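Listed next as structure tokens is one chain, alone, in the form predicted on its own.
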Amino acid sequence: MRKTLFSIALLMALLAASLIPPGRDIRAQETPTLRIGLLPILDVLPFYVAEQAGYFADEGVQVELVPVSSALERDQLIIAGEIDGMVNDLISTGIFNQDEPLVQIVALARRAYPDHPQFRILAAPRSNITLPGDLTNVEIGISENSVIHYITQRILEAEGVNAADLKFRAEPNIAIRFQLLMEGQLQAACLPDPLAQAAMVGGAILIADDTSLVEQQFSQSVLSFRTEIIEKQPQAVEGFLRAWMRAAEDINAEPDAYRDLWLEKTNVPDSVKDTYNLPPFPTYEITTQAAWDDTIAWLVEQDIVDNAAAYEDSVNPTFLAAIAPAEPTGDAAQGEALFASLGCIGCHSLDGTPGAGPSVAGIASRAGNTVAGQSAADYLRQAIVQPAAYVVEGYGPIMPAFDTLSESDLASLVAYLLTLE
């Protein structure tokens, strides 16, 4: 039944798209032009930063940012060829590509970080629901067969709730879902940030969020282009990505400098517009095989798609491989200073003395043998950026993630730690 509904929806999208007047032939332009469909959500901020800073022009590509009001409108425009790229998610991509590779992912646009969830599961204000287990057989408001549906299930499974005990109520309109939750007409719902934070300000109860899925990277949005555009205008796509990465790095370095632009271009609830902390944006990252496989397995399990789209047909890492900066050479002396200034020395002694965290004495000799398949440098890098990925036996997962360090600072810290033999 679900597949029938999706076939009907796709047919409707194609019919609607056929009514859209044909756009400009971008191949006829002297300057390559890419049209990108953008929802008014946090994930699209780097586009507007790059446009404002002139980064697209610097790369010799003209980018037209096309506001869209819904995912359905965005998808209609992609199918019609009226836009070339978009911010979407793995569920959307898997549905698009079930029969042929219509679109390809070229980079991550956003993902959950330890201190910055993308999605939160909330209970209604003044409800008696406080723990994930309390949601057994309670209707949870979601948009059915979407990334929110998928993430809600995966979050609760990570919290020990059996998927067979979950009940969902379809409410695709996020604003209405928010309102129903706050009025108690929905006992629980999954909402994206910053709307989820606004609900909490209004009394909604946080049950769980996707920070539990950071290591698996199941929760992510992506930058996608039509496969036809990737084949015909690879240089334009590469130039676009260079500009986007510059903008993401600017936001990560000074997020408050872009608060006004964020408020202007996206929908932000008044109650959190001054208090919500902008998250870091991933740079030079792309969907992993494991994250893709889990998403596609869920789509098949839910009987949403007939055919499982292949990772190699749907995820295109060649552009990031071409533009990723060379690994910076770390300055061990600078790393030693950072080790002190960041407070690392307060938890990790240099002489073998136990502390709140394990001592780093001799870490250069141990690091390469700690996690199978990881070099010493790779292990140390991950331990700094994603400390919860591997916790040393006998210690709790209490170390904060230093995931906003610049690449040069991170390289310097690793270089210093590698001197501690």
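So that there is no doubt, residue numbering starts at 1 and follows the sequence shown. Here the rigid core means the biggest group of C-alpha atoms that line up within 1.5 Å when the two forms are laid on top of each other. Here the structure is a predicted model, which means the values were calculated and not measured.
Quick note: we don't show the form predicted in complex with heme C, though the next part is all about it.
**Q** With heme C left out of view, which of 339, 258, 284, 276 would have a heavy atom within 4.5 Å of it in the predicted bound form?
**A** In short, 339.
**Q** Have a look at 352, 60, 40, 396 for me and say which one sits with a heavy atom within 4.5 Å of heme C in the predicted bound form.
**A** Checked against the cut-off, the match is 396.
**Q** Could you tell me which stretch in 46-54, 65-73, 352-360, 32-40 has residues with non-hydrogen atoms within 4.5 Å of heme C in the predicted bound form?
**A** Contact criterion met by 352-360 only.
**Q** Should residue 368 be counted as a contact of heme C in the predicted bound form, where contact means heavy atoms within 4.5 Å?
**A** Close contact is absent here: in the predicted bound form, residue 368 is far from heme C, nothing within 4.5 Å, heavy atoms only.
**Q** I'd like to check something about residue 133: if you look in the predicted bound form, is any of its heavy atoms closer than or equal to 4.5 Å to a heavy atom of heme C?
**A** Residue 133 lies outside the contact set for heme C.
**Q** Is there a heavy atom of residue 300 no more than 4.5 Å from a heavy atom of heme C in the predicted bound form?
**A** Although heme C is absent here, residue 300 would stay clear of it in the predicted bound form, with no heavy atoms inside 4.5 Å.
**Q** If we define contact as a non-hydrogen atom of the residue within 4.5 angstroms of the partner, is residue 384 a contact of heme C in the predicted bound form?
**A** Yes, contact at 4.5 Å.
**Q** Using a 4.5 Å heavy atom cut-off, are 149, 178 and 184 all in contact with heme C in the predicted bound form?
**A** No: none of 149, 178 and 184 comes within 4.5 Å of heme C in the predicted bound form.
**Q** Taking heme C as it sits in the predicted bound form, which residues of 403-419 have a non-hydrogen atom within 4.5 Å of it? Please list them.
**A** The stretch touches the partner through 413, 417.
**Q** Do you see a C-alpha shift of 2 Å or more at residue 252 between this form and the one not shown, with the core held fixed?
**A** No, residue 252 moves less than 2 Å.
**Q** Does the C-alpha of residue 276 move 2 Å or more between this form and the one not shown once the rigid core is lined up?
**A** For residue 276, whose C-alpha is compared between this form and the one not shown after core superposition, the shift is less than 2 Å.
**Q** Once the two forms are fit on the core, has residue 40 moved its CA by at least 2 Å between this form and the one not shown?
**A** Moves: no, less than 2 Å.
**Q** Answer with closer or farther for the CA-CA spacing of residue 379 and residue 281 in the predicted bound form compared to the shown form; it moves by 3 Å or more.
**A** Compared with the form shown here, the C-alpha atoms of residue 379 and residue 281 sit closer together in the predicted bound form, by 3 Å or more.
**Q** What happens to the Cα distance from residue 114 to residue 362 in the predicted bound form: does it get closer or farther than here, with a change of 3 angstroms or more?
**A** So the answer is closer.
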